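Before any questions on how it binds or moves, here is one chain, the form predicted alone, in structure tokens.
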Amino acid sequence: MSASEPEDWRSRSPLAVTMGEPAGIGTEVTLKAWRNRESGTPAFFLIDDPDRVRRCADRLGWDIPVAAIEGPTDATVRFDNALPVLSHSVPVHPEPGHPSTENGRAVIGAIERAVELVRDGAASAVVTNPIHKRVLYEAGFTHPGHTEFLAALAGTGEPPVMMLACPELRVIPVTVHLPFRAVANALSTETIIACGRIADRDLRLNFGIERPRLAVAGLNPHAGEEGAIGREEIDIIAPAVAQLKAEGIAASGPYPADSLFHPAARADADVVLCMYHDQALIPLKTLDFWGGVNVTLGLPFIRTSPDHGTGFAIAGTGKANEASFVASLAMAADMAAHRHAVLGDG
């Protein structure tokens, strides 16, 4: 995985972190990330209820000062000595692991507020804590998840692309949350082309890669073995690769997926386009289970998220591992620096 060095992200605007589900582990990993800030965590602020955050720290026995701030500019000044929290009302302070439907609107509002601050240039990127969809649906949320909601807030009309990343690997699942039996019917040449175009553009813009190398996986064992084990590679995937190449994009494949993720293969690709969810996530989580980052491509702003859920079973225990959240912060800051170097925006 190659990329040019970004400018020092410490000189950029702070990152906007959303509260996520208040009954989950989001607050805990955020507190842990601030507590370990001397290891190089970029400056950020949390959009949440400062009193609720203080109560969470006290419950865990962590001596972490919380500073209520009026705006992002205060965050950089306060970050060294206190966790900056931009006040955002939460109707109910739930017990860990027990979400309240009354907080759904507040969770949605925190995401909206973070996006607004980034688009106004007051913050450099959005880092989202995990949400609990059932609570949001009961609050009137009409989107399948975070990614689709962010795309709607962006208003570009471009479909978002989910990329999972760690230092050793970047993967994009072309189809995401589908039953396996539905994957083949959902695949299309057009969708693969769209993912490839967005990946090429965003890896240039946000990762500083001059000519991204896209390796495209096959769907079937042995990439279909020239049609003997399925024709999706011939009829759907290969035409997409050909079109991407015709557009000047460094795409290649389709390759047998079982030979795409060993060290030598990873060294030859900047991202792997996978045909379904587990084809992408199993190798990434095997390589770096705690450090994977969820990145949304195709947005006019930067968004990253830890690659885990709300963790209700361990919420409130202090056991939540903050590595993925910390990696999300670092990646968002690096992406913001690369983007600023190219566009000169916030």
Partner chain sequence: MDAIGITMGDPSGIGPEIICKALRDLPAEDRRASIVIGDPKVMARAAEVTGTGLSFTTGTPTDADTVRISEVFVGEGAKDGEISAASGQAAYDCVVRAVELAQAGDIAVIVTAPLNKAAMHEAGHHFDGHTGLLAHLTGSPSSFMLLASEKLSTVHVSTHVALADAIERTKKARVLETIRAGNAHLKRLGLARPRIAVAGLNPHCGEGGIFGRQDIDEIAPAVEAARAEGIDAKGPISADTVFYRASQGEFDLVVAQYHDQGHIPVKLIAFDTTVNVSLGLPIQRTSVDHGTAFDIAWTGKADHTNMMSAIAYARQMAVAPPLTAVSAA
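Here the structure is a predicted model, which is why all the values come from computation and not from measurement. Numbering follows the first chain given and starts at 1.
Missing here is the form predicted in complex with the partner chain; even so, the following discussion is about that form.
Picking from 188-196, 169-177, 68-76, 106-114 the stretch near the partner chain in the predicted bound form, with a 4.5 Å limit on heavy atoms, gives 169-177.
With the partner omitted from this view, the residue of G155, G140, G248, P263 that lies near the partner chain in the predicted bound form is P263 [heavy atom within 4.5 Å]. Only one of G292, G316, G298, P283 comes within 4.5 Å of the partner chain in the predicted bound form through a heavy atom, and that residue is P283. Every residue of the trio N220, E225 and H277 has some heavy atom no more than 4.5 Å from the partner chain in the predicted bound form. Although the partner is absent here, I229 lies within 4.5 Å of the partner chain in the predicted bound form, judged by heavy atoms. The closest non-hydrogen atom of I209 lies beyond 4.5 Å of the partner chain in the predicted bound form.
Looking at L287, you'd find a heavy atom of it within 4.5 angstroms of the partner chain in the predicted bound form. Proximity of H98 to the partner chain in the predicted bound form: non-hydrogen atoms within 4.5 Å are absent; the residue sits far from the partner.
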